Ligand SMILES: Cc1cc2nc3c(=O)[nH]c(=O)nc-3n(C[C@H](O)[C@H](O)[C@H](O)COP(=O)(O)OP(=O)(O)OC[C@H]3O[C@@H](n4cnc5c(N)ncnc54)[C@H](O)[C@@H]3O)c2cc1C
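So this first bit is one chain, no partners, the form predicted on its own, shown in structure tokens.
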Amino acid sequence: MRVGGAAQWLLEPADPEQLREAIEAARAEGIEPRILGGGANLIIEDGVLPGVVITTDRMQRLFRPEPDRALGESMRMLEDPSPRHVAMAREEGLRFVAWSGISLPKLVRSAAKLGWSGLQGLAGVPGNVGGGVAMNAGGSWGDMWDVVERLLVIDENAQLVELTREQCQPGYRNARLGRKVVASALLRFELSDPRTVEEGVREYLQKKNAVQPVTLWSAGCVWKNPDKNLSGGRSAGQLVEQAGGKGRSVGGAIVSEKHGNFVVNTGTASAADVLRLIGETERLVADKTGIQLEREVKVWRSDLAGA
């Protein structure tokens, strides 16, 4: 969204163990840190954000686990900040180990180049792997958890812990991880033809470009789609459009004319503009339809309770 203030403290770990140490250090001071990935689903208030922000920008490793390693051993390789990239035929393994700072677009491109199928539906979805896993990022054509096999997380006690897919309960836009922080993910794909997968990626990108303001500054979809039984099958964007919300603006923020579920920064918006517009749009939809929209976008408030 490109709005918001500065962090009081910013920590930049370079690997999963440093991420764990940063979280442990913050909690030892009585501060629950905020984890910043790509910021694709986030609005940060103006001013100075108190406390500790930990960014995963330096955790951008993507590699294939060695074929002769057990699954658990492959995950424990993540404690090494310089894991060896293993040259393998594309037919082998069909798995990536992705640290939390890897961008989703890079992940999608890397899988497509190998002809690995499973993530084409995330083409055009911004953000990083850590946030993508935590919120089960996706859309009409697929979700992040379609390929997640195992996670390495920092748990409530600031320890690195492996979780199998069966130990997690991912749902719509929420992996239900609580205070656990994603350090890395083991992702499994299906073997396909590289040309077919790359064509699928291009197709999804074209579809999204046609209906979403993907080239403008936004935080993605602002609201979750409501229960279809309550909304008559209408999505959040359709509800906003039918309520007359498209094109409404506050300062430099505007509800996209292209898609009612996007609030766009036209270049001069403040966080206050964006948040005021979101609130006004929610009240408009509630008045016109009786439906209270639930936010998908996360908001970091200037008080720690708003984390």
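Start at 1 and count along the sequence shown; that's the residue number. Everything numeric in this text was worked out from a predicted model, so none of it was measured.
The form predicted together with the ligand is left out here; the points below concern that form.
(request) Name the residue from 114, 148, 181, 201 that puts a heavy atom within 4.5 Å of the ligand in the model of the complex. (result) Exactly one residue meets the criterion: 181.
(request) Would you please decide whether residue 42 lies within 4.5 angstroms of the ligand in the model of the complex, comparing each non-hydrogen atom pair? (result) Result yes; residue 42 sits at the interface with the ligand in the model of the complex.
(request) Verify the contact flag for residue 219: yes if a non-hydrogen atom of it lies within 4.5 Å of a non-hydrogen atom of the ligand in the model of the complex, no if not. (result) Answer yes; at least one heavy atom of residue 219 falls within 4.5 Å of the ligand in the model of the complex.
(request) With heavy atoms only and a cut-off of 4.5 Å, decide whether residue 65 touches the ligand in the model of the complex. (result) Result no; residue 65 lies far from the ligand in the model of the complex.
(request) Decide whether residue 38 counts as a contact residue for the ligand in the model of the complex under a heavy atom distance cut-off of 4.5 Å. (result) Heavy-atom contact with the ligand at 4.5 Å: present for residue 38.
(request) Can you check 248-256, 234-242, 270-278, 30-38 and let me know which stretch has heavy atoms within 4.5 Å of the ligand in the model of the complex? (result) Answer to the contact question: 30-38.
(request) Let me know which residues along 281-301 have a heavy atom within 4.5 Å of the ligand in the model of the complex, or say none if there are none. (result) 296, 298, 300, in sequence order.
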